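Single chain ahead, by itself, as structure tokens, in the form predicted on its own.
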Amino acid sequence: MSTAEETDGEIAPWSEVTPEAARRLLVAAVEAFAERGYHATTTRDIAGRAGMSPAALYIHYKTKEELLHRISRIGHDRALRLLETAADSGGTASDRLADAVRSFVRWHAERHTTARVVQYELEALSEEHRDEIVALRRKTDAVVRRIIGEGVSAGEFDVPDVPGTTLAVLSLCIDVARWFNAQGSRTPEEVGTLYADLVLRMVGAQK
């Protein structure tokens, strides 16, 4: 599955990036960063994948790092939105945690190429942009921590260390982007359902 074909089931991938030339460059950058790593990728590599000249890239993006920041910001915003939707959906803490994990894992599987760049190239960002993305990550952590904390308060979960368990849950979900193979035996939906069940067992959810 190419980056352009990846979808999170919400809106068309990268539809917020305009004009079309800027979108093509961003898609090419995702593929190059995922395949070669940020530091080994040149602006010439990105432009070539997009079928454009290196000079054309600078019309839309001042630097390679600006491209990475745009990719990372969009990816983190979407992932956070999925978790917030699940957290605010009503129902028991178990229902909401399962929904959050299922949707978060499914996104990391369906958008695995993008997610690898979003999650694992943080250190390549400038200090200003890294701080911005770290703030989004803290919001992501806070959403999951809130669900687990509410489950503990309601007697649904048996979790002596909510912050540590939150970190474990998010790490488990994010790692899907590293190993998921679209040609493998499990679909994103199946992996999401499996992980939701695993996480409920992790927090000692009451049947």
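This is a predicted model, so every value here is computed, not measured. A residue's number is simply how far along the shown sequence it sits, counting from 1.
Here the subject shifts to the form predicted in complex with the DNA, a form of this protein not shown in this document.
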Based on heavy atom distances of 4.5 Å or less, which listed stretch (139-147, 57-65, 178-186, 155-163) is in contact with the DNA in the predicted complex? 57-65
Answer yes if any heavy atom of A21 is within 4.5 Å of a heavy atom of the DNA in the predicted complex; otherwise answer no. yes
Is L172 close to the DNA in the predicted complex, meaning a heavy atom pair under 4.5 Å apart or at it? no
Check G48 for me: does it contact the DNA in the predicted complex (non-hydrogen atoms, 4.5 angstroms)? no
